[in-house]
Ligand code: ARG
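Consider the single chain below, provided in structure tokens and representing the form predicted alone.
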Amino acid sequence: MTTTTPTRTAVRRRYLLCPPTYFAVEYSINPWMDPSRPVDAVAALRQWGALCATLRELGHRVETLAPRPRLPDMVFTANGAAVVGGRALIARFRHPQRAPESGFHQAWFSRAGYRPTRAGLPSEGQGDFLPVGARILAGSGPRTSAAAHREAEQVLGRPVVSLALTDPRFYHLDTALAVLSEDQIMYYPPAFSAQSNHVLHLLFPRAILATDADAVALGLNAVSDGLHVILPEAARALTARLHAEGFKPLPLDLPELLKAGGGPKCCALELHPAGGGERQ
């Protein structure tokens, strides 16, 4: 039996990024962070710049959030808000080290014409809320509470599918699952509970499954426009699978940001518009 490779279409998108001007690993709030390992700030800025340039070369619009001293994780803008259909739910960070970031995100969204809502429960933006088609996949675990899923459903106006994260290395949903298109995802089954794996298999029976090696390289922390997929260079098996599924993987090397448990997706908050993106 022969199978036909699906035709993939890129959609122009809009992203919010923040330069890693003050990036450092000064504390440990996830298993990847080790303050004893030095960070090369110049290399981090260069690697972030490559991500920014790649998004722009693909035709996407890139906005920037001004970095702030003493907030080294602001580079990970995806954690700052969940944005769906022109609505923005501003994060309520679980850890006090990141809590001040929410105010700067709220101010940016207000200036950009949104009417942002500050989360009332622990909730960390697109780190744990990923729109796919007409629904939102939502992770619960170390950062976002399961109760926050109902709050997000009300604010963002779309049904939420709750998924339980069980491995502390995959502390946000976007470290264990990536949305590739309106009907396709890739994910790492061992990061989820048995019930969540059952739900994902029912919803996405042809999903791409990550190997252990690709998962620990944070290969699932990827940015996709429906055709092009920006992912960590070390995720070689995923790169091959994406090729086979009709996508165009664009590997990037971001080792400095990985020291804080971050990758391409952590650094790119997608600003989902009310009417969808523009097909290329």
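Don't overthink the numbering: it's just position in the shown sequence, from 1. Note that the structure is a prediction, hence the values are computed from the model and not measured.
Although it is not shown, the form predicted in complex with this ligand is what the next lines describe.
Across the proposed site, Asn79, Asp174 and Asn221 without exception bring a heavy atom within 4.5 Å of this ligand in the model of the complex. Contact annotation for Gly127: at least one heavy atom lies within 4.5 Å of this ligand in the model of the complex. The closest heavy atom approach of Leu227 to this ligand in the model of the complex falls outside 4.5 Å. Within 4.5 Å of some heavy atom of this ligand in the model of the complex lies at least one heavy atom of Ile29. In the model of the complex, this ligand lies within 4.5 Å of some heavy atom of Cys266. Only one of 197-205, 148-156, 165-173, 104-112 places residue heavy atoms within 4.5 angstroms of this ligand in the model of the complex, namely 165-173.
When this ligand is considered in the model of the complex, only one residue from Ala50, Leu58, Ala43, Met33 comes within 4.5 Å through any heavy atom, namely Met33.
In the model of the complex, this ligand lies within 4.5 angstroms of a heavy atom of only one residue of 234-260, namely Ala260.
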